[in-house]
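In structure tokens, one chain follows: the form predicted alone.
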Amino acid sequence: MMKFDFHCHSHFSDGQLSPVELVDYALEREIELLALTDHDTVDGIAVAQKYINKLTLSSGKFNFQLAAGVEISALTDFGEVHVVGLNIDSENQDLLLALKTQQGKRWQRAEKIDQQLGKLGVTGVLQECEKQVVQVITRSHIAKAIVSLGHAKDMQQAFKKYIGKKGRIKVSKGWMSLEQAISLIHEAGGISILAHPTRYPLSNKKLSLLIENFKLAGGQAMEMAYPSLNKDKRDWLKIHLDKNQLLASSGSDFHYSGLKWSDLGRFPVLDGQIPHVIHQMFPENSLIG
């Protein structure tokens, strides 16, 4: 049974580990197939692949594969959603250009958040973020900066008080559309996947409509196994997976080591009869784990 993880992050976005450290950790966790899916960047993939090639040359036999991926933030009628692109061409020029634009919008958002925070007496956040960020700035970086500057006791409080949905800071997002995100993934030869659908603040009715819209826009798959997803919700998602004829995907959405509930490779095992993206990637592999 192949052990894999199709959703994780490096320090190129908001992950803790470098791509090299992530590969080492995947090997430690006995993962054989890993998709690196950083937020709005693919630059960590080449770093990880170079390291894998080095390990392969030194060992002669190396049972590990890297799948190129990305997690794109997109806007819909239901708010922001994330679309994972799996098995993409990470050198596709249209994709790279669109991601570069998205990265610029992230920095613009961070500058606006910093300005609003300054009016509340929370100063120096952007400068603190610049010390942390490798490439893509996220709200996690901003929350960490708020904590390190002593304006919140932890990241949870930073989100709740300042930059979360109910926080005091309100800055509009300028992400690409759902249709554009899906199209870019397909043009890069990848599989488009609706990430962690139950984590969006939507009622069941609105979530079902989001899934339908995702399918109508050309979406191909939906995450069905990830941390915090209970059996009842997974059964509910399975109904909509079947209804919309989508493939299933699985991933931990790994960011930090030491968090047992979201560790790399840690998510429920799906019924092998459920059509899964791994079957499309490896038609001969009917067992997933």
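Since the model is a prediction, treat every value here as computed from it, not as a measurement. The first residue of the shown sequence is 1; numbering continues from there.
Omitted from view is the form predicted together with adenosine monophosphate, to which the following refers.
Shown alone here, residue 140 lies within 4.5 Å of adenosine monophosphate in the predicted complex, counting heavy atoms only.
Contact annotation: residue 234 falls outside 4.5 Å of adenosine monophosphate in the predicted complex, judged by heavy atom distances. Although the partner is absent from this view, residue 255 contacts adenosine monophosphate in the predicted complex, with a non-hydrogen atom inside 4.5 angstroms. Proximity of residue 109 to adenosine monophosphate in the predicted complex: non-hydrogen atoms within 4.5 Å are present. None of 153 to 161, 185 to 193, 200 to 208, 120 to 128 except one has non-hydrogen atoms within 4.5 angstroms of adenosine monophosphate in the predicted complex; the exception is 153 to 161.
Between adenosine monophosphate and the residues 73, 116, 90, 213, the one pair within 4.5 Å by heavy atoms in the predicted complex involves 73. Residues of 33 to 48 placing a heavy atom within 4.5 Å of adenosine monophosphate in the predicted complex: 39 alone.
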